[in-house]
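One chain comes next, on its own, written as structure tokens: the form predicted on its own.
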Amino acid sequence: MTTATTAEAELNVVLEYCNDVRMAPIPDAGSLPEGFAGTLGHFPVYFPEEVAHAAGLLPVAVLGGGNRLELKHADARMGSFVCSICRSTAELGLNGSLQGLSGFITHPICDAAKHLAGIWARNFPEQLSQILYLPQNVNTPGAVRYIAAEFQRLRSELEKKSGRSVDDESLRRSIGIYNDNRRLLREIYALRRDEPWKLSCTESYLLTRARSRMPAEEHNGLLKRALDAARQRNLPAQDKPRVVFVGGFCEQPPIEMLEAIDSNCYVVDDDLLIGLRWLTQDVPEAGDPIWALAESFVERSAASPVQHDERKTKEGYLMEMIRSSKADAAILTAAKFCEPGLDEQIAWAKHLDNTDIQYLVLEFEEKMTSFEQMAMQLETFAESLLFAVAA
């Protein structure tokens, strides 16, 4: 068996495991990884997982119910005009799928997400239910001090819930583990940017999403195996346009949609699961760890439609993604009923109208099950880009 064949088999094993993890229920008390006493659910976009990790609570990113969940209870508590991820998250709680969580943290990124905490507190009083108030505007002198106070409040709440003291040393240890994770995820995205035929957007997505159900140290091992295997892949580059994908910062598009994009384009950068990749550089491992996390949130972070940072304008960060990844075009998506996403999509499209960069606008919903029309749109878009390059 050749090295490339062995690598392909190894990558397939890792990806199948990641997909199984994606479909699996959250770990219950009997299947918790060693060293953890419970699970802490957190809603997109960003959550400082290091604090929960140090408290012995496994961070579990709650990313909705996908397109196989039937809503039976949530519609009685939320309007039908609310986005799918908020409704399916409530459904997962009400149907018992998340009953094993020790707590659930959400954020005021939009009205629907903000009210999830109230729904949770009323229906699941045995779980810790909190809103983590992260500032939408980080360009004020007191932003880091305020965020540090919020992270400290979170630290105290999790200590009470887990019964475990979170000292600075244990928090620094968790930060170090997550720094390794951030470095490996940056390598994943660098590989996709430099040699996109070796790792597709769907594969990268499955690898990243696996962290939502496992300790970061275990995830680090998986990423190392996947990177080693993907780099040895012997796949030829195909004649596909290079695009960036934006709009996946909160509600997640169905896997089938990502596969349809991969069939026609090389996605060389995206904002999928951006909360799990929010901190773009290592967090300092010396000094006050809470302050280091807060400062990193302001100074070493990505961009998303739910944060207003005058250093990262809507148009500016999209253009930087296109420039740094050498993309030919952009796919601008938004989840149905997502106010922040739709607002950003309009701004992006208006800006690109004044450039020579082509783009495709798509709307998605996590519960989508039909993709034929979207696949046809993508095929037409990709062909038009290739003809334009050849002309």
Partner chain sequence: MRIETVDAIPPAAAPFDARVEGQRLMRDWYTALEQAPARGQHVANVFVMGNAVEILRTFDFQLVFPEINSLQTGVRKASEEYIRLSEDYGMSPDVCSYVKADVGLILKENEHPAGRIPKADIAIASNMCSTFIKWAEIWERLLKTPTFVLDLPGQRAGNWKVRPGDAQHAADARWVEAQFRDLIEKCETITGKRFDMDRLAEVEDRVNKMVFHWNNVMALNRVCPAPFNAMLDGLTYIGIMNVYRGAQEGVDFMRNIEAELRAKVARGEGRVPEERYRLLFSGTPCYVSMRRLVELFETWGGVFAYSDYLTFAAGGMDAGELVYDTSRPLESLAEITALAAQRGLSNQFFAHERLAQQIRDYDVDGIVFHGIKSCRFVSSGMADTRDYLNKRLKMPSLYIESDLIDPRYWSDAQIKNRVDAFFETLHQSGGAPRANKSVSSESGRAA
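As the structure is a prediction and not an experimental result, all values here were calculated from the model. Positions refer to the first chain, counted from 1.
This next part talks about the form predicted in complex with its partner chain, which is not shown.
Participant: Please identify, from 202-210, 287-295, 216-224, 80-88, the stretch that has a heavy atom within 4.5 Å of its partner chain in the predicted bound form.
Facilitator: Result of the contact check: 80-88.
Participant: Quick check on Ala37: any heavy atom within 4.5 Å of its partner chain in the predicted bound form?
Facilitator: Output for Ala37 is no: heavy atoms all beyond 4.5 Å of its partner chain.
Participant: Just checking whether Gly176 would be counted as a contact of its partner chain in the predicted bound form - the rule being heavy atoms within 4.5 angstroms.
Facilitator: Outside the cut-off, so no.
Participant: Would you classify Gln136 as touching its partner chain in the predicted bound form, given a 4.5 Å non-hydrogen atom cut-off?
Facilitator: Within the cut-off, so yes.
Participant: Taking heavy atoms only, is Val361 within 4.5 angstroms of its partner chain in the predicted bound form?
Facilitator: Although its partner chain is absent here, Val361 would stay clear of it in the predicted bound form, with no heavy atoms inside 4.5 Å.
Participant: At 4.5 Å by heavy atoms, is each residue in Asn19, Pro33 and Gly56 next to its partner chain in the predicted bound form?
Facilitator: Not a single listed residue reaches its partner chain in the predicted bound form, so no.
Participant: By the heavy atom within 4.5 Å rule, which residue out of Lys114, Arg233, Arg186, Lys160 makes contact with its partner chain in the predicted bound form?
Facilitator: Among Lys114, Arg233, Arg186, Lys160, a heavy atom within 4.5 Å of its partner chain in the predicted bound form occurs only for Lys114.
Participant: For a quick check, can you give me the residues of 276-314 that have a heavy atom within 4.5 Å of its partner chain in the predicted bound form?
Facilitator: Going through 276-314 in order - heavy atoms within 4.5 Å of its partner chain in the predicted bound form - the hits are Pro305, His308, Glu310, Lys314.
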